[in-house]
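First come two forms of one protein chain, each written alone as structure tokens, so that there is a structure 1 and a structure 2.
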Structure 1
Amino acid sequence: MKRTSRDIRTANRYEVLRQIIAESPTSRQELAAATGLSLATVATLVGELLDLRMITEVGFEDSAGGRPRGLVAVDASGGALIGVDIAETYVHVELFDLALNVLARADEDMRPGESRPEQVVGHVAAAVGSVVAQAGVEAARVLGVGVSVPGQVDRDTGVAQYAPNWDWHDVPLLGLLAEHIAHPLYLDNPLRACTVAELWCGAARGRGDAVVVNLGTGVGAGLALGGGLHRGVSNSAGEWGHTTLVLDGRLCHCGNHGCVETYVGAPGIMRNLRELDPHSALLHPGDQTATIDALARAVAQDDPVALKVVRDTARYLGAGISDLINLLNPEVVVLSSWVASRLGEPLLGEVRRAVARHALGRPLAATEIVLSPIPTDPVSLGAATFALEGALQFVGQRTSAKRTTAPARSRTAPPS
């Protein structure tokens, strides 16, 4: 889709603010060098952000014999952002200041059978209300709520088009949420959220090409190509979890057989354990989190069954990641989300060994495989940046507005 001049200006504004958040304090000259924008363009965009009180002037630095350069920094108190991570087994919500510091967190567990849209919306509304109350922020200071939901989404209309693990089809999620949440809402999925989080604050920062492998109940691969998020023509790029790993293999929720997700997602790992030891004390039927936690503890104690399950899972995962490395030649592959976090270094080591057996030597030599270093929930962090990007759409309409006035509610996400 062709981008308009407004789209480009929003993207430039977002990139300048992203750089200020990452490098505060910084000068306009440094921002121009980092973003590739002209100094005049940067000066204009900085002026807009100053008018909005998202950033502030913080003094001067000497400049090699010339006039001192003015420095700007993010104004952490200039607004609040909310990131919502809707997963198959939980809703996790975090509220951030503009420097992306976490001010409040809330969790809602979702039991099996609690996946009807109205039930999910109820959990999200409760958690959003909780973080706003915990942080004590005024409603007008909340710039937006970014919502990540598994599966394929239409972020322009706020519709969850297809979530195979819940059998959702064309659910108007943001419309349902807007009945309970009086803030601007922006929708995307965890692949994009995790990738943006890594680009802003994690292992993909400063990298041109990166793959973020999202390991949870579902599985996917977020793609950052040429330094930016790759969405594909229909915002569907990254559905690597539904590529075929084993011909005529396990039945997947998507209707196909042998998908990557059925071997390395949390339910797939539970099946790996069940096939190895049907009566294992590590297996908690119907409880993915408890099973993965038990596996992680048992691996730390050198339990042979747990070690074999992690090794077998890593064999499948390594084969799939090798395909990504051979196809995309990335600088870094990041293992992210809750399964990767819980299984940690033991899984990472086995994956590296498995990838070394399958990937071509030249692309493998250029690729680093790491765990996500982000200390908070990367999906919530990435979702919050979608809300930030959305808020910047309104700058042209609000450059003289007071910060006591919130932007009009929008269900339309910005282009990026």
Structure 2
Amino acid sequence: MKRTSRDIRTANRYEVLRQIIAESPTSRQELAAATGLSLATVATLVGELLDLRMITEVGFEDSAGGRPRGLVAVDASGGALIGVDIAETYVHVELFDLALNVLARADEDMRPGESRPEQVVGHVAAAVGSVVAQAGVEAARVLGVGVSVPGQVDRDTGVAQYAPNWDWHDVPLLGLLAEHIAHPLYLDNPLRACTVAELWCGAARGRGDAVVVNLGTGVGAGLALGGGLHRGVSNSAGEWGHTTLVLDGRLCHCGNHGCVETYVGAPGIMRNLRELDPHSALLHPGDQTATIDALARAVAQDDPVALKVVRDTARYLGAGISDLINLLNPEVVVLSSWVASRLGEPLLGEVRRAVARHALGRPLAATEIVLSPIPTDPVSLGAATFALEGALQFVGQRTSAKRTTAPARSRTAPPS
């Protein structure tokens, strides 16, 4: 979408808070240097965040020869954020403080038969109630609840347009949730949640252009370009799993042949294993998690079949990631989601070697490939940051007139 002045102002507000969360305490001067924004812009945005009580003034530092510089820090207790990760077999919910630390977790298992929207909504409402009670936060302090649901979503209307797990079509999920949850609600999908998680707390933070390659049952590439999530014109960018890697190759559930996902998604990796050794003891038919776990353990023991499967998978993945590098010239490529975290360093090493063989020299030299450094569930973290972004989105409308005329007005004396 075209970026308007308001979009840009909002993106700058995210960028400044992101930097404060990453490094507190910090000064306006340091923030200007880290973000590339002017000191005047930073001062305005810091003023807005102070007014919202998301950050506080925490003292002064001496600057060589100049006036002491005011320091600000995130006010962790200034609000709580909830992230909801709805998956095929479970609902996982986490409650975060404003420094994005996890304060409480709740899990609800869903049995195979439970696929009606009301059932899923019931689990989400129960888990959200649980984390609020566990953390002991007042309802008024919850700034919002971000909800990630697989498939296609319309974030403006809160509708799950198509959820392949349960064959949902146009389910008004946020409307149903609003009957149980009084906080502001935000809807999106796991790919975009993982991508904003990397932007706020992971390997994409402070980077110009990043690609977050999500390796799970499905496969996608979240694009963080120019410091923000690239959504595309109808919020569906990132369908890398259904780009062609092998013309006329393996049949994909999307109806095409040779999609990236059929070679490097968990079922694709199982097929890579089966084609190599149809009777492998590593293969747990019908159980992706058990098979990937078995592969990971076997690789750690230098099992030759497991090593070959990882190498074969990395060969496909390396070709696909090279395409992303050649096309987008990103600063960093992040391998994320459960398949990447379980196969870990051995997969990363093979992928780096495969990419080095495939990618063009110039974009290759400018790119780093890393595993996601986020230690917890990136989907619930990302969903929570959608709620944080939502809370920040309309700030400018209320306060910008005052701020732009008096960006440097004095505040109450900070503690020192």
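Residue numbering: structure 1 sequence, from 1. Please read all numbers here as calculations on a predicted model, not as lab measurements.
Engineer: Between the two structures, is it 1 or 2 that corresponds to the form predicted alone?
Structural biologist: Answer is structure 1, the other one does not fit.
Engineer: Tell me whether residue 249 goes with residue 155 when the chain is split into two rigid parts between structure 1 and structure 2.
Structural biologist: Different rigid parts.
Engineer: Just how large is the rotation of the smaller rigid part between structure 1 and structure 2, in degrees?
Structural biologist: Treating the chain as two rigid parts, the smaller one turns 15 degrees between structure 1 and structure 2.
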